[in-house]
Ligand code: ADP
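So this first bit is one chain, no partners, the form predicted alone, shown in structure tokens.
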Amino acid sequence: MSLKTDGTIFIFSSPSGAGKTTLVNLVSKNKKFTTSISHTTRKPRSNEIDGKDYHFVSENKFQDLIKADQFLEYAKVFSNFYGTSKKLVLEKLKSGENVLFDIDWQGSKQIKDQTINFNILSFFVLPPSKEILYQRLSNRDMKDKLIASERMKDFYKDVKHWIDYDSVVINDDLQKCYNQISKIIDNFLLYKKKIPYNRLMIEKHIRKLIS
């Protein structure tokens, strides 16, 4: 394997509603990276397109793919399954494409625990506050406030996994957050070194989020 020609895995995780998907889309668009399209058993939202946003499949089909060892990672989130096709991703990486993953901490851990001969850089995205997070979730799921409340409960479990990531960013201002991520990515691609972040500041922010 030549690290000069192989692609790099970029993982983005966050509590639901922190804005990681928007950031992934910006990175993909501006840097011409490939975004891995996950399979999922959940129903598509009104603005989502099969094959573009997700591969929407039945739970039976998803279970068949698990049995056939077709996933690089998969997890159950909010009563639905999500998984990444192993074959498609590895082919892209071997051809030199950088691949973005918009996945939760469970999927991130599965990828990191495997013996994969590709460079990996992971990001954990935090919301600026609990209040703004709830507002984002409520706006996204206007038809069912219960969904927003349930996801707030999961937030307290998900946010604890920030410590397992190479970089942790706070998505307060979208452009500012993207610029920070872009700088970290460019540095990693050029030097294969990870920029350390201010852990004390992040720890302080986490305490506010979970208090």
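Just count from 1 along the sequence shown to find any residue number. Everything numeric here is computed off the predicted structure, so don't read it as measured data.
The form predicted in complex with ligand ADP exists for this protein as well; it is not shown, and the discussion that follows is about that form.
(message) Taking ligand ADP as it sits in the predicted bound form, is residue 174 in contact with it (heavy atom to heavy atom, 4.5 Å or less)?
(response) Residue 174 belongs to the contact set for ligand ADP.
(message) My question is simply whether residue 18 lines the interface with ligand ADP in the predicted bound form - judged by any non-hydrogen atom within 4.5 Å.
(response) Residue-level check for residue 18: yes, a contact with ligand ADP.
(request) Using a 4.5 Å heavy atom cut-off, state whether residue 136 contacts ligand ADP in the predicted bound form. (result) Residue 136: contacts ligand ADP in the predicted bound form.
(message) Under the 4.5 Å heavy atom criterion, name the residues of 176 to 211 that approach ligand ADP in the predicted bound form, in sequence order.
(response) Residues within 4.5 Å: none.
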